[in-house]
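This document opens with one chain alone, in structure tokens, the form predicted on its own.
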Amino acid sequence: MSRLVNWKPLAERLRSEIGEWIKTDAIREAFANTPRHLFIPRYLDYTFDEDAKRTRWVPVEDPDPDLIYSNTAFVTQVQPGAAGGTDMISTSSSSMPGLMADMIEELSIKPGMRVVEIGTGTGYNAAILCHIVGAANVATTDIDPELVESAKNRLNKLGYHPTFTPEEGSYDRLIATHAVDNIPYEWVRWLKPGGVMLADLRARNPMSHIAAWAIVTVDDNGTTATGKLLPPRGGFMGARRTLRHADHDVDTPRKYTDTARLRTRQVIHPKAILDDAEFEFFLWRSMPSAVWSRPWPPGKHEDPEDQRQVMTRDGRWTSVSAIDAGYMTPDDLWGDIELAYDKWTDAGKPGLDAYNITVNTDGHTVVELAVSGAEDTA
């Protein structure tokens, strides 16, 4: 952003706009005193190219300060969705300030605490944390060294010099600004005994609508972390597993319809199962290798027979409608899904508040129903 910006009134307006998520003075002052425009000198807009007849990302240079100081997220980086692919997927952004404030409040981050942020991005959230707890108490890290270098320069211009290499056993709070399907054990090691983390626990594409917020506390020995799930009040893009590609490709088998078997006995209507958000979460954690998707937007582009397809990364496949289920392998995948549905129904159709979560020393994230003992270990 090259123009001179009278940013203080705009930041104060932003603070007022997100006031419903802010309860403490330290956080209120941080948003009113941090120049967001310095962290978003440009962003990328997803628009339709009339000439090419396709959507594409278009850089927006020198963006409008009124827009930057609003409760809006901005995509700031895109990468190919897969090696050799042409689709460009968002890989970094400046999140909605209201979401950031909500997460900071949920973690009860207070002046003097030591905080580690996972996902440096533009550096704006790190600047907010520096203002609240002091830059010497902030560590921020990212998979992308170019993002880290840009954020470091912006933070340094404000006089903030956080560390970019987290230290083991050093932090009271951990805030993750990208989604994960399982919590890395490394995050537990960075926290002190009694330290608390908040992460967006979210399935990988194409099921990224399945999610929960996980709030987890490290035990007194500093080895295991346990906690609970909350309904997500916002979400993030998935963590990249490689530097140069978005977390968008999912390993699914090719569907061979000519070798499919057909189960014609009565099936549970696929809409009753795969369109139920609470069961979807149960199924994801019970069968983490399965991949399916909902029609989007709901009610649009639906198959006349309300057909759904489910695949697993080990080669199983089913295509199911209200009257039959076809499957590619000798075993009946839809039958397994129906059994999982029966198990969930017998447990009282529990929601997210019925689960416990544990991150073990062996690196596994265990999500289990407190009422029935049904669990997933990933």
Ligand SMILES: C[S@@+](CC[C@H](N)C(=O)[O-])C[C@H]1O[C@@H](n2cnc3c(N)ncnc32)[C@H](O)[C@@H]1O
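When you see a residue number, it is the position in the sequence shown, counting from 1. What you see is a predicted model; the values in this text were computed from it and never measured.
Omitted from view is the form predicted together with the ligand, to which the following refers.
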property	result
Segment assignment from 216-224, 87-95, 269-277, 283-291: heavy atom within 4.5 Å of the ligand in the predicted bound form	87-95
In the predicted bound form, the one of D200, D142, D102, D172 near the ligand [non-hydrogen atom within 4.5 angstroms]	D142
The unique member of K152, R114, H131, H178 whose heavy atoms fall within 4.5 Å of the ligand in the predicted bound form	H178
The ligand contact at P162 in the predicted bound form, heavy atom, 4.5 Å	no
Heavy atom of G121 within 4.5 Å of the ligand in the predicted bound form	yes
The ligand contact at A239 in the predicted bound form, heavy atom, 4.5 Å	yes
Distance check, L147 to the ligand in the predicted bound form, heavy atom within 4.5 Å	yes
